[in-house]
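Consider the single chain below, provided in structure tokens and representing the form predicted on its own.
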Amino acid sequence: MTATATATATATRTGPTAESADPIPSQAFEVRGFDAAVGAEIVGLDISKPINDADFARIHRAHLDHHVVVFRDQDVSPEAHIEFSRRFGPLEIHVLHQFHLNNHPQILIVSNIKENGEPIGLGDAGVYWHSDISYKPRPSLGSLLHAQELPAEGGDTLFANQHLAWDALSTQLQQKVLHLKAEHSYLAKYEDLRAKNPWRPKLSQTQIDEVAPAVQPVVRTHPETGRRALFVSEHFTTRIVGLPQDESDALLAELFAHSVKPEFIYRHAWKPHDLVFWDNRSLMHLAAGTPDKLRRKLYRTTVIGDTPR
């Protein structure tokens, strides 16, 4: 199925049948591509209002074409954030239940704020390049991060286009990695991160069992567009299956360095009420960091994806 057909089909499935007139009026919004390796902004859309099939198809198409879309001026409730996210698929419940938003387990709080001496959210989220939930058999389709409180400086998020990273590999390296598989583990750097900062709680055995390692293709094919992308990350990928450890380490180091070259990257400087929706099948992302003295809080939903192939 072509990407355009997929976008249209998805929109149709989520709304009235094609034979019936859509009673929901269109919203006047624009999709403006960035002058960057990835990304676009959507201006004039209110995600808290009903979205008809045609508008949803445009949004879906923009997401597939640009891989990360920024919905501007979304001063909306957690309920609206969740409802909009569900248009794209079922939502992940993150293993760190300690940082779920009260009464909304679909939302993970990403924040460096402490209340009564305790962190209210995951303050070191995204300190390494990664694709969300790659450590599960069905990684994330995409994540939707909504700005609640932004610092006066810092707090940027970087996105690296892994389709471009694949395309830019030498033919020889493409052939070498095309059919390889790699292990991904949520625990790969967890204890190191816990030792460095106060944000991460000790995991229970139940939580550890929930994030058992998964094996993924080193190169995945996007299920909607058919484009290939590198699918390894410095945060979660631990080894290439079937290779001696030294060869695995050397190959992964080469791929990690290649995948985040400047020409593949868009750097997002957050504005109040931005809601950023990125495609984890196409991208990796990284948090640039926030000064400790400044407050930052965002709410994240994550859409469950498919089994990578």
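Every value quoted in this text rests on a predicted model; they were computed, and no experiment measured them. A residue's number is simply how far along the shown sequence it sits, counting from 1.
Here the subject shifts to the form predicted together with N-oxalylglycine, a form of this protein not shown in this document.
S.K.: Have a look at L145, L141, A165, V218 for me and say which one sits with a heavy atom within 4.5 Å of N-oxalylglycine in the predicted complex.
M.R.: The residue from L145, L141, A165, V218 that makes the contact is L145.
S.K.: Under a 4.5 angstroms heavy atom criterion, identify the one residue in T238, T157, T225, Q106 near N-oxalylglycine in the predicted complex.
M.R.: The residue from T238, T157, T225, Q106 that makes the contact is T157.
S.K.: Just one stretch in 239 to 247, 29 to 37, 53 to 61, 280 to 288 has heavy atoms within 4.5 Å of N-oxalylglycine in the predicted complex, so which one is it?
M.R.: Flagged stretch: 280 to 288.
S.K.: Each of V110, A125 and R300 within 4.5 Å of N-oxalylglycine in the predicted complex, by any heavy atom, yes or no?
M.R.: Yes, the whole trio is in contact, each within 4.5 Å by some heavy atom.
S.K.: With a 4.5 Å heavy atom cut-off, would you call H130 a contact of N-oxalylglycine in the predicted complex?
M.R.: Output for H130 is yes: heavy atoms within 4.5 Å of N-oxalylglycine.
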